[in-house]
Structures are given as C-alpha cells and as structure tokens.
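The chain below stands alone and is given as structure tokens, in the form predicted alone.
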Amino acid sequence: MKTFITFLGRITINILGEMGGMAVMLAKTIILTFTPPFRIRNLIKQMEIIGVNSVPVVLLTGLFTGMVLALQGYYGFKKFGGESLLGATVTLSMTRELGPVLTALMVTARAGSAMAAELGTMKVTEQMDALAAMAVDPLQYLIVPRIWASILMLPLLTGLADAIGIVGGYIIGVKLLGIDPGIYVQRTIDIVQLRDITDGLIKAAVFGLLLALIGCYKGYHTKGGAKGVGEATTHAVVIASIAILIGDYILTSLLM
C-alpha cells in the first residue's frame, strides 16, 4: 500500500510539474509576443507549415466524417420519420464538436509531432544554445511563432472541415438517400444558429493553443539524444490528444 501511494504521489508531482512548466512557458510567450523584435516572417512560415500543409488531410477527414454522419443519422431518423432533420444534425455535429475536435487531432498528429521532433532535435544538438549565444531568445524565435500560428490557423482549418463535412452530408442525404433538397437546406437554416459555428471556432483556437504549447514544451525540454527526441514526440502527441478531448468537455460545458 505504501508503495502504491508513493507511486501515485510521484505521478501527481510529475503532472503538476509539467503543468506548471507549461504555464510558465505560456506566460513567457505572451510577454515575448509584445517584445521586439517581432518575428513576422517566422510566423508566416509556421502558418504555412501548420495550416496550409494540413489542408488536404483536414479536407479528407471533414468530408468522410460528414458522409458517415449522414449515413448513420438517416437510418436513425427514418425509424420515426425525421429524415428532414438530417441536414441540421450533420451541420450541428460538425460545427460544434466533430469539426474542431477531429481537425485538432489531425493537426496534432501531423504538425504537433513535427514541432516536438524539430525542437527536440535542436535541443539535443545544442542549436538552441547557439541561438542564445548569438543573443537570440530561443523562445521568441522558435516557440512564439508556432503557438500563434496554431491559434490562428486552427479556426480556419476547422471552418474548412465544417464546410466540406456539410457538403459531404448533403451529397449523401440528397443525392444518395433521396431527401428533398429544399427541405434539407431549409431545416438546416431554421435550426442551426450562428453561435453554433462560433462556439466551434472558439474551441478550435483553444485546441490550437493546447497542441502547440504541449508540442513546443516537450520539444524544448527534450533530453537524452535521439531516444529522447522520439519519446518527446510520442508524449507530445498523446498528451495533446488527451488535453484536446478533456478541453472539449470543459469548453462544451462552459459554452452551453
């Protein structure tokens, strides 16, 4: 029993230490954001890497998610004659939940892992020490652009995923399953509100912050050579994915 309590205490201390370290990094990031020099070119480059390069995988994810929602929802609604609600259901599911969550998870897998691996490699090869020796703050040069690029690009990617998912649902509902297009569209317009879309975009911005902060933190504190880089990358993806799912529940509760 004593051993279990010791083990549990050690895990708790490690978790609190990691959370404290991330909070400190976030505070430094906010301060350095308004401290010259401003790395606009780095920001634009990271927006391309994180956002533009993630468009294909986000579009594929959104399209097939919308199509699956339409197929599954149709057979459920058909049991009580509610097929006309299919469009609104697909739209609400995409904009409020699945759009931001799946987009964040896909970007975490593609860009969040890359952040941890790249920064971890720079850390173990002492490139960050070289930057500091040249009077360049590694946090300001490497991490601030990545975090802000993620915060800015995740809502845009989520908007694309929402749009293509709604289109996929329309194709399945109207073209494949034969629902009247006028009823499908009108019921969607009647039920879906602007807040349903904006709430999803707010979630996406928070998820962007989480995945970038965790990826950068793990990469920045990498130790142990090539093995440490691999472990940091794995931990970054796993922790960021869990944080996104927990954050989704918290934000859904707050935005209800």
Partner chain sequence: MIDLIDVHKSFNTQHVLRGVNLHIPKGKTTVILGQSGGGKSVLLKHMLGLIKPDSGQILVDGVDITKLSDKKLFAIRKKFGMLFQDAALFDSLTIGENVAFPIREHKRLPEKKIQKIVKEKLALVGLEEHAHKMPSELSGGMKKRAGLARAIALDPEILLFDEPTTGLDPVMTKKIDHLIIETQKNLNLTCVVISHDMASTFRIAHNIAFLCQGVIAVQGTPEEIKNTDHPVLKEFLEGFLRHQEA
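Residue numbers count along the first chain shown, from 1. Values in this document were obtained by computation on a predicted structure and should not be read as measured data.
Unshown form predicted in complex with the partner chain; subsequent notes refer to it.
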Can you pick the one in 183, 171, 132, 71 that has a heavy atom within 4.5 Å of the partner chain in the model of the complex?
132
Contact check in the model of the complex: 122, 125 and 141 versus the partner chain, with a cutoff of 4.5 Å between any heavy atoms. Do all three pass?
yes
Using the partner position in the model of the complex, report whether residue 137 sits within 4.5 Å of the partner chain, counting heavy atoms only.
yes
In the model of the complex, does residue 39 come within 4.5 Å of the partner chain, counting heavy atoms only?
yes
